[in-house]
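Here we start with a single chain on its own, the form predicted alone, put down as structure tokens.
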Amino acid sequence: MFCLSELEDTVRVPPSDLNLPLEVAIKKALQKLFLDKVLSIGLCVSIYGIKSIEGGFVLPGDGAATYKVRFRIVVFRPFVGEVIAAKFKESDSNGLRLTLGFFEDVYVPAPLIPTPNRCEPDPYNRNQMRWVWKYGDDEFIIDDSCQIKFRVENISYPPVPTERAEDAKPFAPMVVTGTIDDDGLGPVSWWEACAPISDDED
């Protein structure tokens, strides 16, 4: 789910930070540039360390120092087939939206929810729909009562739209699509009652 990647970039340290130790000033600049940003390698979540610093040139009329920096960064980059535990965020007739805390664009579309199921108005939240899985004579509600395990089906990086409607949802530069339609997936409470079979039993 998390990977360590090495990057190289030209970093500008503003005059207000030149009184700081060099590595501290550069790390501060890197955090401003990369943290919570989505690159082609995934979502940047932390600056792991600085490997090398070169330069320190001050451009005429600028006052800032410019450095060529090689550094390592921690990125969120799940792989297809990976099982991840998340929390319920919201749901509608299209499916579920889950959150990892630091990343909230995880979607489970309706076709990837166990069947038979139904989508109905949430009696506790009039602005939301809820999904119910029917298994035999039992019904299991998908809500925020416990963690939800999903398996990654796809990771996409949508292009930035040139035009957006006023009522459009916030743009998501990275979207993870998951499924809960398999044994062991979905709310963990569904499977807590399933005790493992002992090897000693015939």
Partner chain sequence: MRGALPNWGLTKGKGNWFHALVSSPASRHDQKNYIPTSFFDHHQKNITYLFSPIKSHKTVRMKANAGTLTNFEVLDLLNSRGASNDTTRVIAPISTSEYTRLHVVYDYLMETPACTQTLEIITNFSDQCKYFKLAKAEILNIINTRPSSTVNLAPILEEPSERGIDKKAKEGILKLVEALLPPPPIVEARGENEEEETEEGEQS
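None of the values given here were measured: they were computed from a predicted structure. Numbering follows the first chain given and starts at 1.
Beyond the structure shown, there is the form predicted together with its partner chain, which is absent from this document and is the topic of what follows.
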Is its partner chain in the model of the complex near all of R118, K134 and M174, within 4.5 Å of a heavy atom of each?
-> no
Decide whether T162 counts as a contact residue for its partner chain in the model of the complex under a heavy atom distance cut-off of 4.5 Å.
-> no
Just to confirm, D36 within 4.5 Å of its partner chain in the model of the complex by heavy atoms?
-> yes
Given that the partner is absent here, does S16 sit within 4.5 Å of its partner chain in the model of the complex, heavy atoms only?
-> no
Give a yes or no for I41: in the model of the complex, does one of its heavy atoms lie within 4.5 Å of a heavy atom belonging to its partner chain?
-> yes
Contacts with its partner chain in the model of the complex - residues in 4-42 whose heavy atoms fall within 4.5 Å | L4, S5, E6, L7, E8, D9, T10, E23, K27, Q31, L33, F34, L35, D36, K37, V38, L39, S40, I41
